[in-house]
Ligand SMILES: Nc1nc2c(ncn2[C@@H]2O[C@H](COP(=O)(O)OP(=O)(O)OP(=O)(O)O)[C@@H](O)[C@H]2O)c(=O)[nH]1
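A lone chain, given as structure tokens: the form predicted on its own.
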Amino acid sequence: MKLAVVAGTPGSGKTSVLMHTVRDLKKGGHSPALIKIDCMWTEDDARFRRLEVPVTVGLSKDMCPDHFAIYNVDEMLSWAEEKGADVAIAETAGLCLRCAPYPDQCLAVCVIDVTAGPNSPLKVGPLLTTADVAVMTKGDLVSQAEREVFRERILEVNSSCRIVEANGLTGKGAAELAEIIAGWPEISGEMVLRHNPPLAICTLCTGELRVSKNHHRGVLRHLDGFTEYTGE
């Protein structure tokens, strides 16, 4: 089983690019299975089913979708195996730019929207910096110069990643991404995350509504950058 985890900012075109990529994987003789991870609601599974591939949905509800995807990796792979797939593709909502939902043996794909601005790659953390592939979308809406600047910004934060320029409408770049997925090694043994999740669970995460700092515990960072841990 091969595993590809596709993450990226909301509205970046992850699903549209994957629609074309799955078609190319099927043409190449592969049997992909799709896992769609979202927060509250999605209809993307209906779009994927039109491709006649196995699809399942996981809704994280009040949990971080990236974290939800991480601790369900084994379940995703077991489901894909039951469906007879040789490639499991997990698309996660990727709402937190600080999260890194990539196990070490997966193909890590970060989809990023060029129209978000030339400096947006500098604002993305491990979601981009630990990715194997950065997929630039909506490049047809900006100039060639802006695309080149965007590419350089990606390489500033992740010099080893492979950049694919894709278009979710026309399918440009999908064949290249499918080729990368098809050539990726299969999973062998237990996996670990490439990068630690955010520093810690704080009391905001567990439901504390008061804003004064003296009501909060966990890893707390001050405006001047000083970081401390308070609590048991």
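Heads up: residue numbers just count along the shown sequence, starting at 1. Predicted model only: the values in this text are computed from it and were never measured.
Just so you know, the form predicted in complex with the ligand exists too; it's not on screen, but the next bit is about it.
- The three residues Leu77, Gln105 and Arg194 each lack any heavy atom within 4.5 Å of the ligand in the predicted bound form.
- Heavy atoms within 4.5 Å of the ligand in the predicted bound form are found in exactly one of 121 to 129, 81 to 89, 68 to 76, 138 to 146, that being 138 to 146.
- Although the partner is absent from this view, Asn167 contacts the ligand in the predicted bound form, with a non-hydrogen atom inside 4.5 angstroms.
- Contact between Thr21 and the ligand in the predicted bound form is not found at the 4.5 Å heavy atom cutoff.
- Of the heavy atoms in Asp44, some are within 4.5 Å of the ligand in the predicted bound form.
- Contact check for Gly218: no non-hydrogen atom falls within 4.5 Å of the ligand in the predicted bound form.
- Contacts of stretch 1 to 34 with the ligand in the predicted bound form, defined by any heavy atom lying within 4.5 Å, are made by Thr9, Pro10, Gly11, Ser12, Gly13, Lys14, Thr15, Ser16, listed in sequence order.
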